[in-house]
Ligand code: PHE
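Just one chain follows, in the form predicted on its own, and it is written as structure tokens.
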């Protein structure tokens, strides 16, 4: 009977040792065959995790006879160490392979020619606007801004153009309602600034911005265009001050040696009013196709601020005076850059716009 029990004991112990050997062979073979780090991590959990095969073998020690536990525990620890070492070695191998693959995928051929980065440029109208702004800021003027959707009161009434005034027909206005419109000139911004000043002197400002009029678009006309108007109000301001200012502007914008001449005209917010010509910068006044043989090019309208405009805005015309002028930026840009069609400014033709790329 004792001999039978001994045989059974030896048989059970042999099965347990075989099981350890089987787990070892399966684990090492699976780890060796892992092709990526994700699969390898799954194998670590399967064999070395809290519920893994090696931990399951350790749990069996609780049910073993006391004299068998040391040998069994030693075998399981050897198994655990072998599997851990195999896992660490494979992890290093796969990590190195993954880094190499990533480097291959991300490698840059530095012998290839680079891609040229497209760099934008400033629109020619804004080039002219910036030039004028820099010019007048250097003369002590400030830059005023105002809404493009304007009230009739500022656009017409304060500019000495009441509802029944014939000058309204000159404007051809886009009305939103009887009292609201798209501004027809940046004079509206001047009126806002005069009102804001509340009779305080001096005033020196320019008002660049878009304006709108009902006009048929062609090579020289547009329903939307840009103006830059100037306004100076102070004591003893005369036409001589206006002429000096515009001569300085003409020389700065079109080159030294420009001569300015005044021709009588009419604007409801100035009195007297003048049209201003500058000697042709292309032929230096000798006559060419640009100036149509006259030697002069019309660039803007100007005049002395009408006394009634000063009164309506809280200024005493007996104590102060002023001048105002308005220049079309498209007109200046067309002359300055030799552009023959105003529509080029608004069609977004890249071939045209790239002509003004300062970085090429």
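Since the model is a prediction, treat every value here as computed from it, not as a measurement. Numbering follows the first chain given and starts at 1.
Just so you know, the form predicted in complex with this ligand exists too; it's not on screen, but the next bit is about it.
Select, from the options 320-328, 56-64, 22-30, 35-43, the stretch whose residues sit within 4.5 angstroms of this ligand in the predicted bound form by heavy atom distance.
After filtering at 4.5 Å, what remains is 320-328.
Residue 52, heavy atom within 4.5 angstroms of this ligand in the predicted bound form:
So residue 52 does not count as contacting this ligand.
4.5 Å heavy atom contact, residue 301 to this ligand in the predicted bound form:
The answer is yes: residue 301 has a heavy atom within 4.5 Å of this ligand.
Contact with this ligand in the predicted bound form for residue 227, defined as at least one heavy atom pair within 4.5 Å: yes or no?
Yes, residue 227 sits close enough to this ligand in the predicted bound form that at least one of its heavy atoms falls within 4.5 Å.
Considering only heavy atoms, tell me if residue 270 and this ligand come within 4.5 Å of each other in the predicted bound form.
Yes, residue 270 lies within 4.5 Å of this ligand in the predicted bound form.
Would you kindly say which of 243, 90, 213, 80 lies with a heavy atom within 4.5 Å of this ligand in the predicted bound form?
Filtering the options by heavy-atom distance leaves 213.
Identify, from the list 258, 185, 192, 204, the residue with a heavy atom within 4.5 Å of this ligand in the predicted bound form.
Spelling it out, the residue with a heavy atom inside the cut-off is 185.
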